[in-house]
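Take a look at this one chain, the form predicted alone, written out in structure tokens.
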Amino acid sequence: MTGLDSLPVAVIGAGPVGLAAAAHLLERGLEPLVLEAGPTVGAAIREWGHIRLFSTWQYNLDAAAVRLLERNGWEAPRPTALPYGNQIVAEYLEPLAATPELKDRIRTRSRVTAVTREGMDKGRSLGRENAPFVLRIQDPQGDVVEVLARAVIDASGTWSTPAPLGSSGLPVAGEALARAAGLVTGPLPDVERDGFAGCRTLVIGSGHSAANMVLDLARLARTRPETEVLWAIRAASPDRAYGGGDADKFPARGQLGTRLRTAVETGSVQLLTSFRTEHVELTGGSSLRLHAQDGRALNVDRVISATGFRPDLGILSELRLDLDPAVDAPRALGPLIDPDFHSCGTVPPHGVKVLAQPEKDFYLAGMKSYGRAPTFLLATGYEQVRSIAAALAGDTAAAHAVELQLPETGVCSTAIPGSGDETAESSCDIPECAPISLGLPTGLRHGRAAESART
């Protein structure tokens, strides 16, 4: 091989979608190089590893990854069990990364800080498609190194860039200081381990992360009655947060909303609707006072911010991207997932046709491909990288033959612009799509992978 063909395909991120991309590339005879900022594979999942997913194992596995694992003697977990995040890492991602085929193709503690074309900034066009990609990396020693790649799949996710408390998209006054003091945390702390017992805690957000935290705190309060639980949402009604109940094809997800409703109706949790944070002030050094735009003020000890995520696009500033202006997803994908008009956890099957960028052979995949939209599903990411690998291998027919079947959630609603429902993370029923053939062993042949309880 010469030129671009001799270079690897760089995959940014060693989470489920990134490692699935590597497995699909290997099956296509392409050389993957996986670059992970964290110290281990699945580093982001480890941060919420104490959370149980609401989808069973059968919905959490990629077909190519399973084939690779089984060739190396791996036995799949019980398909109907509900795993914790830590189990996804220990029982799936770590064995996958340890296979002879992948172990030397993964570099941890290798944070990608920029991606560009060799010898070209964004403005140069002549010869651009024939120039290799350059990935600038901060290595484990803190040195800056660069690697060349024939293509790039950015599956780095959005976990490291959570959205701020402010409803205008900006941090509110005092937020940075409160976060630095440890009084405002990220979306999924371990409430038993991290000192929430006996505290008056406010959870902000209306998605599954918020629901999990509200319920975890309510459970803690049963053993520590001095613990107070408050839940604030920007919407005027919590109905979308309650989800589809018994109509949800994932029973654990339906039960999550049902339990949340019960906690509010029984008084275990105090719900505040139409709450838009205006500013935060520290009081006494160990507590907070939150001020809402409507004049309400609230004294609490801790705040759990579960207001969503956004992609880090700064590392891609020298690439030519065409993104939806609302959600920062690929332009063709954005209207299908924009939560201001569409709350579906389902999305039409899509691959390279939807994900292609003006920058040839560069793709956003996985959670990062959804930008600011909250309803990403692992099976969607697995199908994305299957299609991308086929396209990079020159199999256009396979790349375009995308199929995906997504179970129903039992919820269908459309947010009204200006209603304050910006962070809703519900899903809606749509006609079933054509089924995807994952090529999994008996008992694992399903079309939708995990939407974890954190999303």
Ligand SMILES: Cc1cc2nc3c(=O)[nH]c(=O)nc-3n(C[C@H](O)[C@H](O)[C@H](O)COP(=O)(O)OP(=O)(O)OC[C@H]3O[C@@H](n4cnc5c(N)ncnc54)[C@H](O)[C@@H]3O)c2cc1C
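Position 1 is the first residue in the sequence shown; the rest follow in order. Computed from a predicted model, the values in this text were never measured in an experiment.
Here the subject shifts to the form predicted together with this ligand, a form of this protein not shown in this document.
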*asked:* Within 4.5 Å, heavy atoms only, which of 116, 227, 110, 305 is in contact with this ligand in the predicted bound form?
replied: 110
*Heavy atom within 4.5 Å of this ligand in the predicted bound form - residue from 404, 33, 65, 44*: 44
*Quick one: find which of 386-394, 44-52, 22-30, 65-73 has residues within 4.5 Å of this ligand in the predicted bound form by heavy atom distance.*
44-52
*Do residue 188 and this ligand share at least one heavy atom pair within 4.5 Å in the predicted bound form?*
yes
*Please run the contact check for residue 315 against this ligand in the predicted bound form: heavy atoms, 4.5 angstroms, yes or no?*
yes
*Do residue 376 and this ligand share at least one heavy atom pair within 4.5 Å in the predicted bound form?*
yes
*Heavy atom to heavy atom, is residue 96 within 4.5 Å of this ligand in the predicted bound form?*
no
*asked:* With this ligand taken in the predicted bound form, which residues across 7-45 come within 4.5 angstroms through any non-hydrogen atom?
replied: 12, 13, 14, 15, 16, 17, 18, 35, 36, 37, 38, 42, 43, 44, 45
